[in-house]
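Okay, here we've got a single chain as structure tokens, the form predicted on its own, with questions on binding and movement later.
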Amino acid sequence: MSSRIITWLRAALLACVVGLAGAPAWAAGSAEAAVAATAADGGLIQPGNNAEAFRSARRGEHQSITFAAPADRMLIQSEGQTWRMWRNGPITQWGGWLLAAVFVALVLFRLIRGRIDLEGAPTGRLIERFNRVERTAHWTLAVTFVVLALSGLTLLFGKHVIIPLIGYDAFSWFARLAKNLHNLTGPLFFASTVVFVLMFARDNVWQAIDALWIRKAGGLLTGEHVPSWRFNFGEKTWFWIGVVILGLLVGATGLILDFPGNGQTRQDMQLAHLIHAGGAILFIALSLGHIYIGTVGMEGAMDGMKSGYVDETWAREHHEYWYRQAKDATPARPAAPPRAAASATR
């Protein structure tokens, strides 16, 4: 009995050895057969192997779809990869470095030049610089711009800056709020930009004295008084390049993105987004200089937009030609005493 068991074991062991020796050849033959079968079935549409269907979709041909769509009826649009590369590449990276560089430049300017103070003592006599309608137009544009800038930067740089601080879950709610604010505020910004441009265009045309402002760089570094009319060349540059060109460009492309059901194709939306994001970065970069000078960078600059009036000394030192014209047209009035001014605001 034991000899019979030993014989069976020897036969089984020999079969295993022979099988293992032939396994590589069998496996190779099976793999070749599988590859051949896959190649043969590559053009067939079947579960798990729709290669030809995807190749057809990626060729950019119009497909038969079951929902209403504009002229763009491609199931897979390869240009979307190009849009994503530009959005996450040059616009995000170069745009971020540009904003950082402008911020650093303003800090250095403040450290080197300091605040632009008045050289003469205030006279206490005030001249109207902006009326109520002009100030309303300015603040409407300014507030909508700040809302759009902050919400837009949140959507563009959020995953790099905000997510590491608050996490994905909290950022999802934050981003949803930013998106809705951005979409709802955009049309109001565009409308206020158009009104602002129509209201201030005539005071921002080229004048001969602007050449002197350019040669002396406005006296920003030397402290020299460079005369000008209502707006100097620096303010005119901000108006035409910042508000008119970039403001209207960003506003128009924003409307294309805000209302997609007007015949825009995906290519239209992607191109509009790239122009919108790139223009917005430039717009924000230019605005940083304007905001700095108009708030903490220059003594008395904010008064004109808060109350509508500026002191005679400020008007004479920064806009001498306009000061003479305004003084002749409407004599300066004395500043209201603090108590009277406080009563008037109640």
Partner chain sequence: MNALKWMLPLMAAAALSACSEQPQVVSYEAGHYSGKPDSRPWESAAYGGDKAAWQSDMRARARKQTEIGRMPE
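All values reported here derive from a predicted model rather than from experimental measurement. Positions refer to the first chain, counted from 1.
What follows is about the form predicted in complex with its partner chain, which we do not show.
Although the partner is absent from the chain shown here, none of 225, 246 and 316 has a heavy atom within 4.5 Å of its partner chain in the predicted complex. Checked against its partner chain in the predicted complex, the residues 96, 234, 242, 219 give one hit for a heavy atom within 4.5 Å, which is 96. Between the options 107, 205, 199, 211, the residue in contact with its partner chain in the predicted complex by a heavy atom within 4.5 angstroms is 107. Residues of just one listed stretch (136-144, 118-126, 190-198, 82-90) have heavy atoms within 4.5 Å of its partner chain in the predicted complex: 82-90. Of the heavy atoms in residue 156, some are within 4.5 Å of its partner chain in the predicted complex. In the predicted complex, its partner chain sits within 4.5 Å of a heavy atom belonging to residue 160. At the 4.5 Å threshold, heavy atoms of residue 150 stay clear of its partner chain in the predicted complex, well away from it. With a 4.5 Å cutoff on heavy atoms, residue 166 does not count as touching its partner chain in the predicted complex; it lies far away.
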